[in-house]
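This document starts with one chain, in the form predicted alone, laid out as structure tokens.
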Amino acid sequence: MILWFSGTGNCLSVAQQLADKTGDRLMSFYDAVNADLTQENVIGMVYPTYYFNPPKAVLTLAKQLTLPKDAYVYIVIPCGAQTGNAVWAVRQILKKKGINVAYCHKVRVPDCSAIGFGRNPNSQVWKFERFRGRVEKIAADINARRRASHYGNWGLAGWLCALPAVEKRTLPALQPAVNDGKCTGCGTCARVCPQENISMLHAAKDGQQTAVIGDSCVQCLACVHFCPHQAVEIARKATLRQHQYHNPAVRLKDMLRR
């Protein structure tokens, strides 16, 4: 079983490629929490790194998983550049459950957060071809049940970014917000949000629906990249259509939780 968490499809795409090459099945982290995985012999986890750490949702969900202690467990991190403590933090959670991670690695993909800093993630699609062989190697290692700890150690950058004082300063840099003047109430952002953290409310003035982002945002930026009207913005900066990105192998319907 391969568990995945994805905002714009990079991790889902890598998980799909691994599933094709290993013959395994896919399941989102959210569904895995309520699933019986105790009979699985192989458990894979594919998720991104945010601020040199796992998404907070992944940390929360990992604590709720019930996994067999004798399974071959591996972690693969699709990321823009550095993994930070993305592997190490989840390994610590699993270790407390008596579960050892046998293998970990990373695959570089376009950096979805680049849009928050005025850069175009689509300019990084060259990573797909360059790291295609990495995915094939990882799949071969998994099929051979190899043990290796690539990019799985503790790192200072991840530790620093996880400090509350640092988080307080860095998190607002990628905090999405809805521009009411552009929102048409289509509901795409609410349906694509993995946290189900976006609600559609009727405005008191004209009764038109508008999206409202709640307090459980994990900054996956799915709402920013998938909004067809560029109505979800970061730090109140206009979202450019040409800077919106999602993995070309993944469709919107693949990302919907509801």
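For every residue, the number given is its place in the sequence shown, counted from 1. All figures in this text were calculated on a predicted structure; none of them were measured in a lab.
The protein also exists as the form predicted in complex with a small molecule; that form is not presented, and the subsequent description refers to it.
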Given 185-193, 66-74, 215-223, 37-45, the stretch touching the small molecule in the predicted bound form at heavy atoms within 4.5 Å is 215-223
Residue within 4.5 Å of the small molecule in the predicted bound form by heavy atom, from 142, 162, 101, 79, is 79
Quick one: is residue 176 in contact with the small molecule in the predicted bound form, heavy atoms, 4.5 Å cut-off? no
>> Just checking whether residue 30 would be counted as a contact of the small molecule in the predicted bound form - the rule being heavy atoms within 4.5 angstroms.
In response: no
Exercise. Is there a non-hydrogen atom of residue 11 within 4.5 angstroms of a non-hydrogen atom of the small molecule in the predicted bound form?
Worked result: yes
*asked:* Quick check on residue 138: any heavy atom within 4.5 Å of the small molecule in the predicted bound form?
replied: no
Evidently the Cα separation of residue 154 and residue 124 changes by 3 Å or more in the predicted bound form, so the atoms lie closer
Assert for residue 153-residue 82 (C-alpha, 3 Å or more) in the predicted bound form vs reference form: pair closer
